[in-house]
Ligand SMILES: Cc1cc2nc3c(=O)[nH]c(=O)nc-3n(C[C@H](O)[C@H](O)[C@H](O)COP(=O)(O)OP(=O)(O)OC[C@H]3O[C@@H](n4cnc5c(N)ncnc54)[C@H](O)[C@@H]3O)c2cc1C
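A single chain, nothing else alongside it, follows as structure tokens in the form predicted alone.
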């Protein structure tokens, strides 16, 4: 097993992690930047030139396609990649490992051709050919519009955008965008570029239809139901912070986010958090928080505090997103008794409905005990049943046995 050491370890090479890394490197601090994607940039800059300015920096160790498996000792992370296992010692740690889509079950959601909204966007960025394919994008939040634009640019026919929030709620959100001029400009540009795409509010997916693959989608639009034939259905109900590593480290969380102070310090000494972990607020918030954390880490407390004042308006933006795109109760009532909720263990809604808690569901049905370790079904059960799952046990991700055993033959010692 390789033994590595660094002054600053950053988990997540998205907007927040890159912003912090840039500041630390400019100060001359050794940085180890870890990301499970093949290249830096996170989901938003996937396939771009993010981090190109830092490439080759003598103080930077970039570990891509690498996962943090566990935190086996204080100031130590266990890492795994295709090359083997590594143990990384650090003095300071920044968590900037972003968020994932909230996926909720409905009849037919496991059919081939049904994906997450951001998931389909990522597939297209990775080379999926959707030219001429009919696509329906449904769910909630601005991510739907960004996905639609990506698919349209890739040659897909976006035949319907379905937003579950009401017209009144979306309108109130739009009317407040003047507080964030950059977001207002983005919204206007998206509206112009997508003006030919049908956009319906107060509309959600009732069921995906098909035999071996998706063939059509049943939508509920107000008081009526319609069916549309399509090739792809992309559904996403916003984002959820990736809290597993933060919880494994003992950082306090509250209402589904990592608790931080005004300069991004968590409850654990020498552990900081930035980006979607502290609240879903988009790239501007993430970059700003990354810079704040970076300044504090290099000892520039006064500059970090000064920059932190700008963070307040992005926290207001995050609150506006949560308020105006909150899920309508009908979304939690879509699953039928035979709808799969836990895809890893093939556990259906009817079995889960007989349980009284997340713990009971795991004991009696194995829900949440498959390869995804409850990342999908745990969030779904919280929405469907109100169950809380605040616990975290190592490993953070599924890992090879030789990684967990610390087998020295997994990699060359350096």
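Numbering follows the first chain given and starts at 1. Only a predicted model underlies this, so the values are computations on that prediction, with no experimental measurement involved.
The discussion below concerns the form predicted together with the named molecule, not included here.
In the model of the complex, the named molecule lies within 4.5 Å of some heavy atom of residue 242.
Shown alone here, residue 43 lies within 4.5 Å of the named molecule in the model of the complex, counting heavy atoms only.
In the model of the complex, the named molecule lies within 4.5 Å of some heavy atom of residue 146. Looking at residue 274, you'd find a heavy atom of it within 4.5 angstroms of the named molecule in the model of the complex. For the options 381, 68, 32, 367, the residue carrying a heavy atom within 4.5 angstroms of the named molecule in the model of the complex is 68.
With the partner omitted here, the residue from 318, 104, 99, 214 that has a non-hydrogen atom within 4.5 angstroms of the named molecule in the model of the complex is 99. Against the named molecule in the model of the complex, the set 139, 209 and 349 makes no contact: no member has a heavy atom within 4.5 Å. Figure note: of the listed segments 161 to 169, 90 to 98, 104 to 112, 334 to 342, the one touching the named molecule in the model of the complex, with heavy atoms no more than 4.5 Å away, is 90 to 98.
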